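One chain comes next, on its own, written as structure tokens: the form predicted alone.
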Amino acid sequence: MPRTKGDHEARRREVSEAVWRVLAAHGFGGLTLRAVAAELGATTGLLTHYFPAKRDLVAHALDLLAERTAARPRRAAGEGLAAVRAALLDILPLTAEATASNRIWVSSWDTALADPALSDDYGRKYARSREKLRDLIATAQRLGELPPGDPERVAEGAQSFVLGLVVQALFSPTAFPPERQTELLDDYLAALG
């Protein structure tokens, strides 16, 4: 009996879940057809139907990472400084899921830096993130919750701070547990005022 489109889509979801589990456990450095096949309990031959080459597997993993990041629930916050704080908290590895996602993002940096097209794409993604943050900061400034100044420059500093904190928390989770990350972020935001 031939496979139906539903079978194919179900199998593709299973493959995607296996890719995600490999990424969460081993990062992009451990992402191989063999590792995904082992996680899936399948042969590498089966995977070549979905990913004829390693580059196809990496592209799928990057797409999966972007999709999951976009779909991740965000903290509800009004506007002003509370919205800035919520946006920055959403980046930090404060939960097991956020830790896995951040670990995958950080491990993907090497892959992106090695490929000019991916590097350009990542540059655009981080620029869009800064633009959103800039708009939140400008609102906080208009409300008098942050001092006047260049909101773009403040956004650049805030993004740099929080990404540095992500790296610290991933390398030293006992020194930077969620409550410590939150305290450091609050200290950073207080210093802006």
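All of these numbers come straight from a predicted model, not from anything done at the bench. Numbering starts at 1 and runs along the sequence shown.
Keep in mind that the form predicted in complex with a further copy of the same chain is missing from the display, and what follows is about it.
- For the residues 32, 139, 48, 168, the 4.5 Å heavy atom test against a further copy of the same chain in the model of the complex is passed only by 168.
- The closest non-hydrogen atom of residue 183 lies within 4.5 Å of a further copy of the same chain in the model of the complex.
- Although the partner is absent from this view, residue 43 stays clear of a further copy of the same chain in the model of the complex, with no non-hydrogen atom inside 4.5 angstroms.
- Taking the partner from elsewhere, residue 159 is found to have a heavy atom lying within 4.5 Å of a further copy of the same chain in the model of the complex.
- Using a 4.5 Å cutoff between non-hydrogen atoms, residue 153 counts as a contact of a further copy of the same chain in the model of the complex.
- Only one segment in the set 22-30, 62-70, 141-149, 35-43 has residues whose heavy atoms sit within 4.5 Å of a further copy of the same chain in the model of the complex; it is 22-30.
- Interface residues of 111-130, taken as those with a heavy atom within 4.5 Å of a further copy of the same chain in the model of the complex (partner not displayed): 112, 113, 114, 119, 122, 123, 126, 130, in sequence order.
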